[in-house]
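Shown here is one chain on its own, the form predicted alone, set out as structure tokens.
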Amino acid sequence: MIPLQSATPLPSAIAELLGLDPSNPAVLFVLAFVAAGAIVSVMLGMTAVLGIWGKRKITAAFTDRIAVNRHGPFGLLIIPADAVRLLSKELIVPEGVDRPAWDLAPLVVASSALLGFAVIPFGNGVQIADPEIGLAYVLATASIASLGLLMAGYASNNKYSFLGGLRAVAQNLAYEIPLVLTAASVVIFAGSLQLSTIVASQSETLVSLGGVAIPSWYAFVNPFAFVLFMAANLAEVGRNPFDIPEAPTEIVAGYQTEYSSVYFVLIYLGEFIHIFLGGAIVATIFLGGGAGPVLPGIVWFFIKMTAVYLFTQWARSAVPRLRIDQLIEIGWKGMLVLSFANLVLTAVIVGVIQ
């Protein structure tokens, strides 16, 4: 394994590199904006490529189609073409909408996920901030999207949008609790909510088989929790079989039915940013963060995050959608019970070991 990344936040590291005083609040404030802008640019670029181009290619491969191949090499110029097409469309405001909430909803959906990346340790010291409550912070910011979806559905003055917003809230309530409880089992193992500490606690070798060292990633230490978290994450980001809030065969497009132009772009972008944030959380708390052989840590981190994204796209193409009653029943009667059982069992095992 390569060495773990430094726990020094990125703004302080940049200040030291430039010979500036890292204890100066004004310097850190400016450098924090620079670091945040760089990470946001990278994540938006990944979202544009994998969210627009990659999604179409992956779905086409599953359904035996060609997908985009006309605009530029490999069809990559479909990204700027779609951006121009969507942003140049008229922003249609339906009659009777609750305008303040209708306007704010797309911003809430898109920005909540970007806020979560502020504490994600990307590897090789790339982390804007490393608070002691990092895991609680990132889960809390990700959950803010539920408020945006409810605002969009309620404010649209459309019964299908309203149903989509209610479904989103019901789904997130049913699956965010198992998501948090499963993440709490990782906290019990690591003894901290600080993401850098959680990553560092996965740096040891779990077992060596035939000369191959298996790291103590929590996906190997507690595979049951890993599977539960991945399933709950699918519901959190609205991918099959949990894409019920925007089920096109039932409620047109759910909470986003009445949105067009730049507002639709923000909601669509927010959806994919949340998928990548979910992948970043999985990579951090279950897959050792940036740990990996040969390649730099930040490269390994993006590989792991992309692997989770590819899994969500596989689920989207291969798994049929559940009914809303089935989703709620699985969440409250299945996932919740299993996540509590996992939490109690983890606490017992850690208590016995210690």
Partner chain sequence: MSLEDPDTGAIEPAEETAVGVTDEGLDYDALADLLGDRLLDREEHVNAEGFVVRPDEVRSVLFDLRDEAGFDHLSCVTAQEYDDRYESLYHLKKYGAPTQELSVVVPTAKDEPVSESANPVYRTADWHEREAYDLVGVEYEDHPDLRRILLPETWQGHPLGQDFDGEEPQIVTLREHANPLQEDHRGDDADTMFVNIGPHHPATHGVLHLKTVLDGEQVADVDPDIGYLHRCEEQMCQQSTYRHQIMPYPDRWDYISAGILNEWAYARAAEDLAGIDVPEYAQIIRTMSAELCRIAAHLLAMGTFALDVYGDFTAIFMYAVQDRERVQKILEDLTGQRLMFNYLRLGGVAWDIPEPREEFFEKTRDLLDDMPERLAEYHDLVTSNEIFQLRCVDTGVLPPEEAKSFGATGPVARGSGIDYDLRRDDPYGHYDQLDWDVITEEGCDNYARVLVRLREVEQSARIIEQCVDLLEDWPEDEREIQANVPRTLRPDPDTEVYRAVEAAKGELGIYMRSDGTDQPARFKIRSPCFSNLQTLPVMSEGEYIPDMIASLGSLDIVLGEVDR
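Positions refer to the first chain, counted from 1. If you're wondering where the values come from, they're calculated on a predicted model, not measured in any experiment.
There is another form of the same protein, the form predicted in complex with its partner chain; it is not shown, and what comes next is about it.
- Checked against its partner chain in the predicted bound form, the candidates 240, 124, 192, 143 yield a single residue with a heavy atom inside 4.5 Å, and that residue is 240.
- The contact with its partner chain in the predicted bound form, taken as any heavy atom within 4.5 Å, belongs to 322 out of 28, 328, 322, 44.
- Picking from 30 to 38, 45 to 53, 311 to 319, 291 to 299 the stretch near its partner chain in the predicted bound form, with a 4.5 Å limit on heavy atoms, gives 311 to 319.
- Proximity of residue 167 to its partner chain in the predicted bound form: non-hydrogen atoms within 4.5 Å are present.
- Contact annotation: residue 160 falls within 4.5 Å of its partner chain in the predicted bound form, judged by heavy atom distances.
- In the predicted bound form, its partner chain sits beyond 4.5 Å of every heavy atom of residue 101.
- In the predicted bound form, at least one heavy atom of residue 250 sits within 4.5 Å of its partner chain.
- Shown without its partner, the chain has 55, 59, 62, 63, 64, 65 in segment 53 to 74 as residues with a non-hydrogen atom within 4.5 angstroms of its partner chain in the predicted bound form.
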